[in-house]
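The chain below stands alone and is given as structure tokens, in the form predicted alone.
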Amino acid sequence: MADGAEEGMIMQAATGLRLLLGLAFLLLARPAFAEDGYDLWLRYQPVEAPAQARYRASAATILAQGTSPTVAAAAGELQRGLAGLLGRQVPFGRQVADGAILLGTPASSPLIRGLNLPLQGLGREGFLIRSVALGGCRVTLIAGNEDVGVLYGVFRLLRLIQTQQPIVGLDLRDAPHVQLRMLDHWDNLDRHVVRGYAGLSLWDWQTLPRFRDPRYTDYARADASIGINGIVLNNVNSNADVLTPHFLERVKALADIFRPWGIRVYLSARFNAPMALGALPTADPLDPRVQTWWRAKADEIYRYVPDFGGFLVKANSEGTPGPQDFHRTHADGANMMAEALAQHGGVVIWRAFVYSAANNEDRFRQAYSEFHPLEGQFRDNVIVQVKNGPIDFQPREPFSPLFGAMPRTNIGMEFQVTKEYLGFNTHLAYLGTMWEEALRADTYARGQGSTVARVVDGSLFHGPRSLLAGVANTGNDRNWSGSQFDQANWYALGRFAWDPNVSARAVAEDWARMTWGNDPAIVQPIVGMMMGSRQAVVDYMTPLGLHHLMATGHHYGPGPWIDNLERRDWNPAYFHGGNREGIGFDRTASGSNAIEQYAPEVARRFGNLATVGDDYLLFFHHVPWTYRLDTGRTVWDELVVRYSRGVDEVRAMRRTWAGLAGRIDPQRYAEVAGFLAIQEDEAQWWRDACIAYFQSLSRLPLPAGYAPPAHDLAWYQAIDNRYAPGRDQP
């Protein structure tokens, strides 16, 4: 037991926590619902009886030390989770006892301070979970340098129990590899979500700030459980109105809700806001009036939200205003805004997704062409956010050549969690395998082993800031993401942001156990479906390195024949380059020479037909239809085989899911079964439409044993999906 002085301090801290913990528990408690996906991976279903007894012995009481809202959130979440997992309420204790779980930091807990724990190197967000003996009692310790680390440690302990891992003899140290782990919401102020397939925006600006939907807290809980610490509330194409007091008081309300969960809010800022809101005649970043306006606006925002994170900016891309409108550079614009935020500790995240009508080069080249000459010119509180590939979130792309090319610039990763090009919410496509592929790619920037992950986490060039962001897939649907399996991509984004070297399979296994149950007869088939799902989508949409074949605007369904749009790089026909002689986009020295933007080792691999590999063949080379692959088949035959294989893979997923009938709760089972049926229909549509079109170019017969499309090409070309969800305009 603790001595008298320590016990008195513990009781004093516990007294200070009671009101906060009581309020937290009331906020976290809500009526029970049928299994509809609302609880995400935080279901906290009871573990099996034999394991439950073991866990109960190690979780008899909760001893939380500290009085902050974050400690209250951590302790409340731990009590909530243990109540569900262990089937009984675990009380808050006042003193050390056998089976206590002790939460705190050296600053808040004399017990933790006295242990001289090895917390160095864990930063403010890292944590230590350790089984220790205190006063002869067996205790599980969750400690951090700051309260947010304790919060993350609580979620890790709960994950261990959820996945039925042992929690005795623990000695676990962990800290995030990436500083800023963010979700970017493409939510408009009218609640329409661009590229959103899960209903309206979560943010009800009309009822904020007076009504604070409890769902905002549940959203924050889910994000905190996977280590997300930044939220961009509005669309990168948003107008400037979000920067007005009317919206800032609502932004403040959300920031207040998110803060105890370790989450800071950010805003997408329109570059010409000084003209739109301030009536200035210019937004020139070198104009003193513009600089003064942004400084004043930053000061105003921080009066509402003292821990405001900063701005996300899309500039001079797809018609958005930017510094180039005033003959200035991206660095000029980013640095001006960063200067306004610097005294408050804020950052500017400047998107490198740029292409404009004035630039006629291969879109692959444009981001590098505009940003690489600016290497070393960006302030330390600017992060250049680069999409994983050089085109636009395609089912498969090589990594962007900007990764590894700017060692003196903070370079962050931008993934897309919402599946704009991968079947929206109805197609099962686990993106962890895509992100693992991108992050493990070798840039050769400093020799072999210079992976994209090492660029993103800052370990390769030792930059002052690191970022991994994902375009969110959440909305106000009850299941949050529009489908049960799309929740896995939200979950995986957080796990990869915490550690870019994590295994996609390990993440899938954890998610499956937490979401569907620990029975191996459930986990193994579900993980198997997930691990093969993204390749299935690649096969029936864009095999062999084809890309951007989606129909115009909404990107729903195939449109490889489209060749009449205003910009050439809006046309799928431009990207696949198909004609009577062959197919593919030549990015070698004989074409756009985009490969020159990579390190020589990478350029040689992609530029050589013998080493490029089937996955990227048509991304970098235009080849005859009769070009023969390592499989022994011609390009034409291989395309037909892969399109057909994609459909077969979806059929196999349907059979696997059917085998889980009776093991999955009825509501979620039925939803997934229905969506897989849609996916099979649409995979067949993709297969038949693309084969019909490409056969009209190649004029070659189908390989033996493969069925022709169900309809002629004109039938597929006549399909009109103008009302598909998630378009740029509501």
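Numbers for residues come from their place in the sequence shown, where the first is 1. Since the model is a prediction, treat every value here as computed from it, not as a measurement.
What comes next is about the form predicted together with beta-D-glucopyranuronic acid (BDP), which does not appear here.
You can rule out all but one of 75-83, 638-646, 531-539, 413-421: in the predicted bound form, only 413-421 has residues with a heavy atom within 4.5 Å of beta-D-glucopyranuronic acid (BDP). At least one heavy atom of K387 is located within 4.5 Å of beta-D-glucopyranuronic acid (BDP) in the predicted bound form. When beta-D-glucopyranuronic acid (BDP) is considered in the predicted bound form, F353 lines it closely, a heavy atom lying within 4.5 Å. Under a 4.5 angstroms non-hydrogen atom cutoff, beta-D-glucopyranuronic acid (BDP) in the predicted bound form has N237 among its neighbouring residues. D392 belongs to the set of residues with a heavy atom inside 4.5 Å of beta-D-glucopyranuronic acid (BDP) in the predicted bound form. Only one of the listed residues (A222, A342, V194, V265) places a non-hydrogen atom within 4.5 angstroms of beta-D-glucopyranuronic acid (BDP) in the predicted bound form, and that residue is V194. Note on contacts: among W435, Y430, F378, W186, the single residue with a heavy atom within 4.5 Å of beta-D-glucopyranuronic acid (BDP) in the predicted bound form is W186. Scanning 677-699 for heavy atoms within 4.5 Å of beta-D-glucopyranuronic acid (BDP) in the predicted bound form gives no residues at all.
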